[in-house]
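Let's start with one chain on its own, the form predicted alone, as structure tokens.
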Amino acid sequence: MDDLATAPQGPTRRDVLKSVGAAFVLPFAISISPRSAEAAAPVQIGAFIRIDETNTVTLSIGSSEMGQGIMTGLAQLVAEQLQINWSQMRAEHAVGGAGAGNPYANPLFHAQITGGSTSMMGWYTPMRTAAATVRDMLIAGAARQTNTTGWRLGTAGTVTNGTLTLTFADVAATAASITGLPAPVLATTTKFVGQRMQRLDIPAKVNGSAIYGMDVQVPGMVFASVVHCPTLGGTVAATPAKPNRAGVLGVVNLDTAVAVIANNTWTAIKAARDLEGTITWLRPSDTTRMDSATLAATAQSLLTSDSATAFVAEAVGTPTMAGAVKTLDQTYRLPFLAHACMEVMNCTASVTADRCEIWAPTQGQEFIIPAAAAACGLTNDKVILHTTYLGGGFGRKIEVDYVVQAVRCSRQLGVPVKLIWSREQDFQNDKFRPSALIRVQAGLDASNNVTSVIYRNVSPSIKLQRGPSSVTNPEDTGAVAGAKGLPYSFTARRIEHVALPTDIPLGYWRSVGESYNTFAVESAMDELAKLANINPLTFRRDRLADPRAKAVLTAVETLSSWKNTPPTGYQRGVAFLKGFGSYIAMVAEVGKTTAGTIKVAKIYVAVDCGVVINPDQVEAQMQGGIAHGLAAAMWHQATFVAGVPQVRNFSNYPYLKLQSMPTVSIKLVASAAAPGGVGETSVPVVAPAVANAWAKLTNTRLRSLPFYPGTTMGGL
């Protein structure tokens, strides 16, 4: 308490945001470990770029770095405009912000959140413009400082007039006061953009100096872990007694959970486990809306009901199966999913009478600040949010529940609290990706044109669950994305969503609606190709007019040797997606294991994501998405019995072992289009590509995910 009370107090959010338009400001500390003593204060030029006396350029970004490489990608945009050496470039998380006027808000959302594979899409032009503006300010600053003309950008962080050369550091303070310059001309060179630059975050992650949420250390902090009600939606009936274990300091009633406070994390987690089964809970009286069997029956009824309230997301013509020469009518099933981040939910908070300081691995700064302010009775400007590195996010860390718990604990105890969930609590108290039951009806004419498509998705609505009861449009990112606005030439179509009522807490999962709609769409396209007796890759390409869409299918056809006979015992399946501003085509080469189960040997990917900033990062995201999507397709599901989640750990939610990862070949299709997203693009196409290959290999069509439910770690 004494250490905390006498610790130096940093700037408030309001102080930081006021500096955006300032000419010259002192640096704001947003790293967790203090910077070494500096001979001179770095110069902040605008909101994003800081230049220190060593001529190092540091970029502050509002997007969260969770392994996707956005720090490096945005830094490449800046380095291209400034033409500095890559060794001079640094990047860090900016201070968290919320509301109007936050310079770190994603321009696409007008909010500081990271999701939807939008960081590069949102910041590509604004960040280049910001860097080019700083470049012109530095040039103008040199002219003003020396009272000479003819200045231009030099190399390695310099400006020159041919006679005199100055470093950025030499002129930064003067440059920061320059105003009224015309709009900058953006450099179009490719010294950095399009190059395989080394990632800026990797050295710290390799040497162990990188700070994730779980690494945060604050003087005087105590440690907490939580126990939630085993039944979703339950609340604490009474605060339990402190567990009788050495090192336990107390308990905090969090209404929907109990936090155990201890002198270290492991003691807190063990003591929290001691409490399991001893706390008296007020459980929901009706859990039928949180029971997998009941929900499946309800979804099946809604799938075929003529009286169900359906939101029609897209309607073109009057689709009907009457008169079709060949018809398809199939149902595809997908489960609830957990996020399973390698870094469990955690947060460190320090609340005093007039200040709330938070260190968190978060994708949702926009949401955390007002939620924390409400939890500790302060105004938003009194909340200081430090974003750490994220050990995986996948949409889960856009939520605020774990942060609010840490804030409430600190407020009640009067000391900093580092709160970490156990793995079991993390799995069982997720914000689950909705399940989906999807019916696809389609008709072909005598020329094998798709004349009609009737598509119904029955799935829980995230928007409806979180929004007001007056919401009339339950469609959200997780309902028809990947089914609405398809580039295929369907003559008439109706795409609709029926909300499945549930009290299971819902959340956004990597690739969101595309993660299930693409499985249904691309499986159905394969089944239609078989009805038409047409090569499934050709069937798709011939029903596409978009040249970028056709190009990725042609590229993956060549890359995978599609026209050649597969190796004995193997078959190839294809899937396509236009989504997240990008185009992707994937071919899976599939055989059988000795046990007769699916063996994915090779995966070929062609992706057009517009201008490629860093080829290495695009390829890494394709590979990571394939690993994520394949594990989900093979094994992942979250089931519920009377409101009790059945998934508890990786033991019944297995990930790929090294020997199960297929060989991946990637073709980046050249494009001059604006950058699209890559973090989620490969995830949705894995399951249909594998299912389509398996159907060719075995003549057995898999229409339900996962392919092998109930698998435990060490099984398949």
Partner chain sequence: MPTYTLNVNGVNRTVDVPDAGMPLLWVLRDFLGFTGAKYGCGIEVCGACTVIVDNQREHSCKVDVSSVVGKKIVTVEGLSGDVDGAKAQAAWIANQVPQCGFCQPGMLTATTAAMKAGHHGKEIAPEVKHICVCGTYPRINKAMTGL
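Positions refer to the first chain, counted from 1. Quantities reported herein were computed from a predicted structural model and do not represent experimental measurements.
The next section is about a form of this same protein that is not shown, the form predicted together with the partner chain.
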property: Options 681-689, 45-53, 653-661, 668-676; stretch whose heavy atom lies within 4.5 Å of the partner chain in the predicted bound form; result: 653-661
property: Leu59, heavy atom within 4.5 angstroms of the partner chain in the predicted bound form; result: no
property: Contact of Ala340 with the partner chain in the predicted bound form (heavy atom, 4.5 Å); result: yes
property: Gly208: touches the partner chain in the predicted bound form, heavy atom cutoff 4.5 angstroms; result: yes
property: Touches the partner chain in the predicted bound form: Ile70 (any heavy atom, 4.5 Å); result: no
property: Candidate spot Val78, Ile139 and Thr387, all three touching the partner chain in the predicted bound form (heavy atom, 4.5 Å); result: no
property: Interface residue in the predicted bound form among Ala627, Val236, Val400, Ala313, criterion: non-hydrogen atom within 4.5 angstroms of the partner chain; result: Ala627
property: Contacting member of Thr304, Gln646, Thr309, Gln217, with respect to the partner chain in the predicted bound form [4.5 Å, heavy atom]; result: Gln217
property: Heavy atom within 4.5 Å of the partner chain in the predicted bound form - qualifying residues of 165-201; result: Met197, Gln198, Arg199, Asp201
